[in-house]
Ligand code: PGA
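In the form predicted on its own, a lone chain appears below as structure tokens.
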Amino acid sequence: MKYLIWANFKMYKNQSELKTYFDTFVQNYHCFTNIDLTIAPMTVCLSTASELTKNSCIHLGAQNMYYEDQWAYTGETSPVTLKELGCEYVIIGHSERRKLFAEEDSTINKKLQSAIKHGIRPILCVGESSEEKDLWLSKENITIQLRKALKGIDSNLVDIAYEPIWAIGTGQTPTPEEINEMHHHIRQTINNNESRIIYGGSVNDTNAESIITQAEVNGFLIGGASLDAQKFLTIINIVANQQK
């Protein structure tokens, strides 16, 4: 199983910044046989990113999509358009989408089904809040998210990103052992060995090695640290040197 590494640029890096980034990144990135590397820029920058990654081993990902192919959905992005732009992956159910845009598991389920239908591999994000963690409800909450989001879906067609909400952008992370335990729980819940389970939540070039060496961790979903090309390359090299 290849490691999966995602760069989620969120609402950072405009067109010119993206070009500058790739000038540095592509020149210094060497393809690794044990890594699938995906970069997800802002939706409006996908066309530019598609051109910049053409004929490279870098996969193009989208940060979100709607579940319908077309209709009067102002501001949404069709999976058909993502496919035309060369997107191979898409993030579904990120905690920011759940919290800030009130996405429910039923909507996430529809998005997963649509992505799979169009041949775009989804990354399903799950995670617990600090309140749920304090009440010892982390595993229970994540089990509920997984079962509702994956209802009627072959989980082999989906990769999972465990992102504890309280760790995203805060500089706080669970211990490597806690991450490994949660990944094991997710694996047991979805009951398959095909999906990659990756970790996201304040991953950086100083903690990446201690996390990726855990047996159940199959890669990273990286936000802030991916915005610096050199730091991101450092993390990729750390992962590339692992053998499981």
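All of these numbers come straight from a predicted model, not from anything done at the bench. All residue numbers are counted from 1 along the displayed sequence.
Omitted from view is the form predicted together with the named molecule, to which the following refers.
Candidate stretches 132 to 140, 145 to 153, 88 to 96, 69 to 77 - the one whose heavy atoms come within 4.5 Å of the named molecule in the model of the complex
Looking at the partner contacts, the answer comes out as 88 to 96.
Taking any heavy atom pair closer than or equal to 4.5 Å as contact, tell me whether I120 reaches the named molecule in the model of the complex.
Residue-level check for I120: no, no contact with the named molecule.
At 4.5 Å between heavy atoms, is G201 in contact with the named molecule in the model of the complex?
Looking in the model of the complex, residue contacts with the named molecule include G201, since a heavy atom lies within 4.5 Å.
Find out whether any non-hydrogen atom of I116 is located within 4.5 angstroms of the named molecule in the model of the complex, and reply yes or no.
No, I116 stays farther than 4.5 Å from the named molecule in the model of the complex.
So in the model of the complex, does any heavy atom of I168 sit within 4.5 Å of the named molecule?
Contact check for I168: yes, within 4.5 Å of the named molecule in the model of the complex.
Scan 197 to 231 and write down, in order along the chain, each residue with a heavy atom lying within 4.5 Å of the named molecule in the model of the complex.
G201, S202, V203, L221, I222, G223, G224 sit within 4.5 Å of the partner.
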